[in-house]
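A single chain, nothing else alongside it, follows as structure tokens in the form predicted alone.
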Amino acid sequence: MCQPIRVSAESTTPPVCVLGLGLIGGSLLRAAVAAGRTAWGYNRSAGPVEEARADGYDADSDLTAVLRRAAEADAVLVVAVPVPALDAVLGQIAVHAPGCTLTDVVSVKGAVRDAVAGHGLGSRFVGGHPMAGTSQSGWSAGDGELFRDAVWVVTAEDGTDPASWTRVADLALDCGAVVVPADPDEHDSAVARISHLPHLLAEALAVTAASGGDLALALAAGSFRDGTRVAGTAPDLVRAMCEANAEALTVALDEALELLTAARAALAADADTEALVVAGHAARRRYESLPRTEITGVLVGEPGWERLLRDAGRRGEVLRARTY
């Protein structure tokens, strides 16, 4: 029988401090509380704080007070602010809570890793990215079940602190997600293809349809609705994540444009779409049939554990549970 991944030290369930109460941060605060964690949140603007409090959650707009509380409680800090606000928040963490385990839910990992290192916070940092969301934003869009059975990337770089990695993975599991370990740069290349590129394609599809006039929009049904769903996301959020991953996204966009250019040439010359349609169908079927095999046989903290976890993640393997 396959055994879950093991850890080298006894696990704890430390408090959780969520910095940013938008869709993802707000959902994480809800999920952590539902899992029995002591958790509180911060948001710069008062509106989400008041909404969270009205819903019975512990929230504040005083970042210094929130971080000092986190330091006293040895909480896991979760950075859930947009990329443009990242540097300012990290600067405050470096002053008021530099010893806390630190993670994030930002959709790029290389840029966050570099920013964290720039503030001297790398020793207890473990990058995170829950692959879940909607086109809505703000506290009111949050859902404590948002992460249920979703993939949650937890980075595993050489030299990662094992105790911090365990704390971050535990939090993801408590929120109902399955954990996929990954290298930050490999993560960014992957999400450029499966998250950021779809945003640009959705925007292009929406603009192309609208240019056909109201008749085209009136005829639009399921395929258009599904294909443009993420175009309903606030433009500032889309720009922040795409532009923060510009290098990897450019590569993915070039590949997509090459496919579309070849399809256009075949369509114009021979009224033929076979190559792209057949390849796309096969790729979709591969996605639908990809197994989520359990990660086994890795002891976090033993020599080479980070590499073993990265290798497992590359194979599409996941962590669903933990023994102690």
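We call the rigid core whatever largest set of C-alpha positions still superposes within 1.5 Å between the two forms. Quick note: we count residues from 1 along the sequence shown, nothing fancier. Source: prediction; values computed, not measured.
The next section is about a form of this same protein that is not shown, the form predicted in complex with another copy of the chain.
Comment: 238 to 246 is the region of 238 to 246, 78 to 86, 163 to 171, 112 to 120 lying near another copy of the chain in the predicted bound form, near meaning a non-hydrogen atom within 4.5 Å. With a 4.5 Å cutoff on heavy atoms, residue 180 counts as touching another copy of the chain in the predicted bound form.
Among residues of the shown chain, residue 124 is not one whose heavy atoms approach another copy of the chain to within 4.5 Å in the predicted bound form.
The closest heavy atom approach of residue 203 to another copy of the chain in the predicted bound form falls within 4.5 Å. For residue 157, no non-hydrogen atom is located within 4.5 Å of another copy of the chain in the predicted bound form, even though that partner is not displayed. Taken together, the three residues 186, 250 and 273 all lie with some non-hydrogen atom within 4.5 angstroms of another copy of the chain in the predicted bound form. Proximity to another copy of the chain in the predicted bound form, defined as a heavy atom within 4.5 Å, singles out one entry of 98, 138, 232, 91, which is 232. In sequence order, 186, 187, 190, 191, 193, 194, 195, 197, 198, 199, 200, 201, 203, 204, 205, 206, 207, 208, 209, 210, 211, 212, 213, 214, 215, 216, 217, 218, 219 are the residues of 185 to 219 having a heavy atom within 4.5 Å of another copy of the chain in the predicted bound form; the partner itself is omitted from this view.
Positional change of residue 260 between this form and the one not shown reaches 2 Å or more at the C-alpha, relative to the superposed core. Put the two forms on the same core and the Cα of residue 65 is off by less than 2 Å between this form and the one not shown. Superposed on the core, the two forms barely differ at residue 248: its CA moves less than 2 Å between this form and the one not shown.
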